[in-house]
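Take a look at this single chain, the form predicted on its own, given in structure tokens.
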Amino acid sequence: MTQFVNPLTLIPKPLRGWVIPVLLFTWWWAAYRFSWTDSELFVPISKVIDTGWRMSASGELWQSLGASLYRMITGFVLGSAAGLIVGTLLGVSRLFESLVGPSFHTIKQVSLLAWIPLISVWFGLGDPAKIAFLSLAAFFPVVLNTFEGIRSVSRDHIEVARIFAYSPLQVFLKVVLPSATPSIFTGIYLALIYAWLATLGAEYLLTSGLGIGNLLVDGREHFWMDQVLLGVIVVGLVGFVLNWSASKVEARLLRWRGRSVAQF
């Protein structure tokens, strides 16, 4: 009896992730090559490539991308740093948790978009407002995962450390922190992704200055679908690079725990 072989398994593993993008771009090219559509809501892939080349040559694309990445990184660093501090304090101090925990868990229920009117009044529509918004997006996942990571440390490990007469600082640095690191890194990973998504939201809703979100808005307002599609592709590529980079850093820093489910 002949055993059925799934043809997809014949594709080398490093290339399997490219199957859907290649099929999607092939369908896009064929739709115009064989005149399946003439809708003005869609444009040929060649026109998007021409627009990308023109905007790259003029520097407009790189200036927009640089402005977006600057805001994303600044907001991510500020939000993650604050999240690590608050999450650690919530995790190690029952008193701090009883004082701050109820307020924090109430505030985190407020939708991120609901903060935009208040942020725009306090900081205006420029970069400070966008960075404040991005910091909030990065803050909450880091706090929650840092808190959960510290609180999930096995009590047996703490007891063993006390038997060896570790000081509280040694217990934290040599027992709690290593055990909580996977959860903390998960929070930082989520903060990185949320910060990039929030960057586009901030630029879309706080429409001032350069940015990929503003590039999308300009394309929509002038009905330049090639520019809109170019912006979508750039957003996807940046998200892919961020996800790939975070996975590599996680795999290197946490290689002691074995293979991660987040690895490619």
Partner chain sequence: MSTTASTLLLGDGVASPAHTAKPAKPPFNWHALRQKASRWLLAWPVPLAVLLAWQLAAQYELIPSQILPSPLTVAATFADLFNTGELQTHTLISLQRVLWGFLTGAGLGIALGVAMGLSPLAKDYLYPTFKTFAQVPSLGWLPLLMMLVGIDEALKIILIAKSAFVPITLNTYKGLQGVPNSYIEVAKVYGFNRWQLLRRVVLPAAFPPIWNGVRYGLTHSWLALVGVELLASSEGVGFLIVYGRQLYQLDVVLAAVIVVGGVGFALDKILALIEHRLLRWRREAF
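Numbering follows the first chain given and starts at 1. Superpose the two forms; the largest set of C-alphas matching within 1.5 Å is the rigid core. Small disclaimer: the values here were computed from a predicted structure and weren't measured.
Unshown form predicted in complex with the partner chain; subsequent notes refer to it.
The partner is not drawn, yet in the predicted bound form one stretch among 67-75, 80-88, 112-120, 170-178 has residues with heavy atoms inside 4.5 Å of the partner chain: 112-120.
The partner is absent here, but in the predicted bound form a heavy atom of Val228, alone among Leu210, Ile45, Val228, Leu61, sits within 4.5 Å of the partner chain. Shown alone here, Tyr32 lies farther than 4.5 Å from the partner chain in the predicted bound form, counting heavy atoms only. Contact between Arg252 and the partner chain in the predicted bound form is not found at the 4.5 Å heavy atom cutoff. Mapping the unseen interface onto this chain, Arg16 counts among the residues with a heavy atom inside 4.5 Å of the partner chain in the predicted bound form.
Contact check for Phe223: a non-hydrogen atom falls within 4.5 Å of the partner chain in the predicted bound form. Shown in the overlay between this form and the one not shown, fitted on the rigid core, is a CA shift at Tyr70 smaller than 2 Å. Relative to the superposed rigid core, Trp28 undergoes a CA displacement of at least 2 Å between this form and the one not shown. Core-aligned CA deviation for Arg16 between this form and the one not shown: 2 Å or greater.
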